[in-house]
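Next up: just one chain, as structure tokens, the form predicted alone.
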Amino acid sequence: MQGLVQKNISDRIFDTCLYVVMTIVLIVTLYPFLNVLAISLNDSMDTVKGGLTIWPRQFTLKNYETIFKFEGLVIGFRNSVIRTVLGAIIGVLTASMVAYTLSRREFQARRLFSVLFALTLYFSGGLIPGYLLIRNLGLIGTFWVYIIPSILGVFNVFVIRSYIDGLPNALQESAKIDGANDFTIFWRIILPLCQPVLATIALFVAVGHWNSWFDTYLYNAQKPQNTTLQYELIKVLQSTQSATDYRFNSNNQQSMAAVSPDSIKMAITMVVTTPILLVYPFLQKYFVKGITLGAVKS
């Protein structure tokens, strides 16, 4: 009885310490985000004084109004959403198809292709050869320059292939006995079982497309209709840093009040990160559980 009481006391101490540690981790994790949010919602002139924590001293939406009055932001947001969704779908689909092919033991050249794919992770042509390739393909000044060069991610292929290799072979063998071909096995068995890894890869690819701006600078800087949100926000930030009193609209006639570069920077950070934060909860469940557990018992 005494041992049981001591055990309960030790469990309570452990639980208390665990709660304290997790609370500290939560505070450390949330504080930077809340601080960015507070600065973005605080008056620009008051922000210069410093001392903001997690609550704005002078609440205002003027920082966001300044950003969203920029004429290219709507077009950039539309293109970024289309690019992110289309790029994620195509990237996950192509990577999963190649991964499934490389996982097939009867594919005799799978080792050769695996080595060739792996070499691309260590060697690249460089910026200038890449630009010349894009130019020769006729992709400069087009929207497809965002999709085609990144249509297949080799790292994603290896991650998905490793996941497929861990699936029970009995599932595929039983499907073949029932008369299913490789295409049917891939679509009706492999893809449903790979939902956790596919969701993870989809998030990685989507974040990469959403945050990308350098390709817009290289290939579509002269094509406003193909601009992206990140590139437009960088232009806004550069304008804010160069002068606190600037103008921007279609006619360059509307004068904007003095703003703090820090406030604009934090508002831009919130605009950029909020869409990804809204998507993540829908994919989180695939990160923490596998759906093949107990599917086949050998």
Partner chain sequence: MESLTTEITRPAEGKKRKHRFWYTMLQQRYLYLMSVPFVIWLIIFSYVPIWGWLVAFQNYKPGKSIFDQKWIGLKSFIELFSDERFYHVLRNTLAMSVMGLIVGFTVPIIFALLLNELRGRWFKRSIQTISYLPHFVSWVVVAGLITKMLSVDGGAVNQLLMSLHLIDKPIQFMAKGEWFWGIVTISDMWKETGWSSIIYIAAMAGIDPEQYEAATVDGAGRFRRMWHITLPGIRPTFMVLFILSIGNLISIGFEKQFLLGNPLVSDYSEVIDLYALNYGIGLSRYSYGTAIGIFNSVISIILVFTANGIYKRVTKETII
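Here, rigid core means the biggest group of C-alpha atoms that superpose within 1.5 Å across both forms. Positions refer to the first chain, counted from 1. This one's a predicted model, so the numbers in the text were calculated from it and none came from an experiment.
Below, we turn to the form predicted in complex with the partner chain, even though it does not appear here.
*Asks:* In terms of non-hydrogen atoms within 4.5 angstroms, which of the given stretches 220-228, 68-76, 149-157, 81-89 touches the partner chain in the predicted complex?
*Replies:* One stretch meets the cut-off, namely 149-157.
*Asks:* State yes or no: in the predicted complex, is some non-hydrogen atom of Thr142 no more than 4.5 angstroms from a non-hydrogen atom of the partner chain?
*Replies:* Contact check for Thr142: no, nothing within 4.5 Å of the partner chain in the predicted complex.
*Asks:* Is Ile177 part of the interface with the partner chain in the predicted complex - any heavy atom within 4.5 Å?
*Replies:* Result no; Ile177 lies far from the partner chain in the predicted complex.
*Asks:* Is there any non-hydrogen atom of Pro192 lying within 4.5 Å of the partner chain in the predicted complex?
*Replies:* Flag for Pro192 set to no.
*Asks:* Please check if Ile134 has a heavy atom lying within 4.5 Å of any heavy atom of the partner chain in the predicted complex.
*Replies:* Yes - in the predicted complex, heavy atoms of Ile134 and the partner chain come within 4.5 Å of each other.
*Asks:* Taking only heavy atoms into account, state which residues of 77-104 are within 4.5 Å of the partner chain in the predicted complex, ordered by sequence.
*Replies:* Contacting residues: Thr94, Met97, Val98, Tyr100, Thr101, Arg104.
*Asks:* Would you say Gln230 moves its Cα by 2 Å or more between this form and the one not shown, aligning on the core?
*Replies:* No, Gln230 moves less than 2 Å.
*Asks:* Given that the shift is 3 Å or more, do the Cα atoms of Leu30 and Leu233 end up closer or farther apart in the predicted complex than in this form?
*Replies:* Nearer in the predicted complex, by 3 Å or more.
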